[in-house]
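Heads up, the chain below is alone and in the form predicted on its own; it's given as structure tokens.
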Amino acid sequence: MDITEVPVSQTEKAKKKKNKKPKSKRANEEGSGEGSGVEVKEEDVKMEKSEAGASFPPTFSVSEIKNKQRRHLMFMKFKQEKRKQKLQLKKKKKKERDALGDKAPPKEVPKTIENQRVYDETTVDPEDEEIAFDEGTDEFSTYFNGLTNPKVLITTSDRPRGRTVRFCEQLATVIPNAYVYYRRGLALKRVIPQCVARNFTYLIVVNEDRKVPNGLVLCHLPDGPTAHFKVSSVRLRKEMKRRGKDPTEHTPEVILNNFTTRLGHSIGRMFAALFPQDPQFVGRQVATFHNQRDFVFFRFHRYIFKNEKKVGIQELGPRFTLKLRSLQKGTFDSKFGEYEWVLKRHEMDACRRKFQL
């Protein structure tokens, strides 16, 4: 019986070579013994530790990593390493100070935007006679001389939504002698004469956008001025955690912080004239207008006397933040009004260390 050889093509030979797996070097591993296995494990542990605590080179940039998950992981490691270094440095300085005792140098004051503030020429000196004369003859002089008592009308833009209405109602519980009226489509030029005829000293208009309060017009009557603010970060009472009971009808104290320039003094006097000058300390309520980097933060608190030495505070709400947009002389007039100050963002906000209030 004849046997014929069948030729195998080159492609089939190549496939067979690819399918063949390389022989594992078991003989070498078996010959090395148990000690070598321990050494390999120790090397793996060392490699893992070195990867976890790897120090980044000075030219390393996390943004160069293309993979998003890997980039996030490396960024978190980078932040963790910086935090550890900062904590070690802090502990080292504390040990040095404890060792020196009374001879330790004074603590360094950290650099912030507030203490690095650019000097403003309009900063008010409390002993300046010119400023005292101007404040004695301005629009608020009748209030500070005790000749008038504040009476405030609060209204909204046309067809307000529920959140804006609730904000106005809660604002009326904070400001004594304040009344909330619906706008009913009337123009402010028609509202202002009616307010003056009924002896109102302030008109507050709360504007809204997309059902959220976003603007506030504060008009002092009868002669102005009128300030326009942007409103943000509004939190009503139901949205606040660990708030106290609703405020009482007692007249609150007023605290004004960091209104240092001439413009800041004018705005601070506007806020002060909203409240009567005789606070009722029995109610233990305080309204705070805190200016920081030209943002005015409003908070309403109640004192809580825990004992003879300790005093706590409890927030009552609402809370919101104001940003001054413009200050206009006289009452509200959008067409022919004379503006005393207008915010020009690209010019005034160019330097982060220069503030207007």
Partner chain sequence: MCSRLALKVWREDSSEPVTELDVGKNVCRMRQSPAHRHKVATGGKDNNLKIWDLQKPEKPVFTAKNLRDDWLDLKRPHWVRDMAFIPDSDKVVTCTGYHQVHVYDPASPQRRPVLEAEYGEYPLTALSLPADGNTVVVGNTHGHIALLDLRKGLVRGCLKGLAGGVRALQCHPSQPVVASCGLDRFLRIHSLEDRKLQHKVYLKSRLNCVLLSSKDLEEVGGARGEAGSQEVKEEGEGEEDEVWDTMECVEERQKRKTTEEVTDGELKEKKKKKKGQD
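What you see is a predicted model; the values in this text were computed from it and never measured. Numbering follows the first chain given and starts at 1.
Just so it is clear, the following notes concern the form predicted in complex with the partner chain, a form of the same protein that is not shown.
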Could you tell me which stretch in 97 to 105, 180 to 188, 125 to 133, 159 to 167 has residues with non-hydrogen atoms within 4.5 Å of the partner chain in the model of the complex? 125 to 133
Of H290, R319, K329, K323, which one comes within 4.5 Å of the partner chain in the model of the complex, counting heavy atoms only? K329
Please tell me whether the candidate spot formed by Y119, T137 and Y339 is one where all three residues come within 4.5 Å of the partner chain in the model of the complex (heavy atoms). yes
Is K344 close to the partner chain in the model of the complex, meaning a heavy atom pair under 4.5 Å apart or at it? yes
Using a 4.5 Å heavy atom cut-off, state whether E239 contacts the partner chain in the model of the complex. no
So in the model of the complex, does D278 come within 4.5 Å of the partner chain, heavy atom to heavy atom? no
Would K77 count as touching the partner chain in the model of the complex under a 4.5 Å heavy atom rule? no
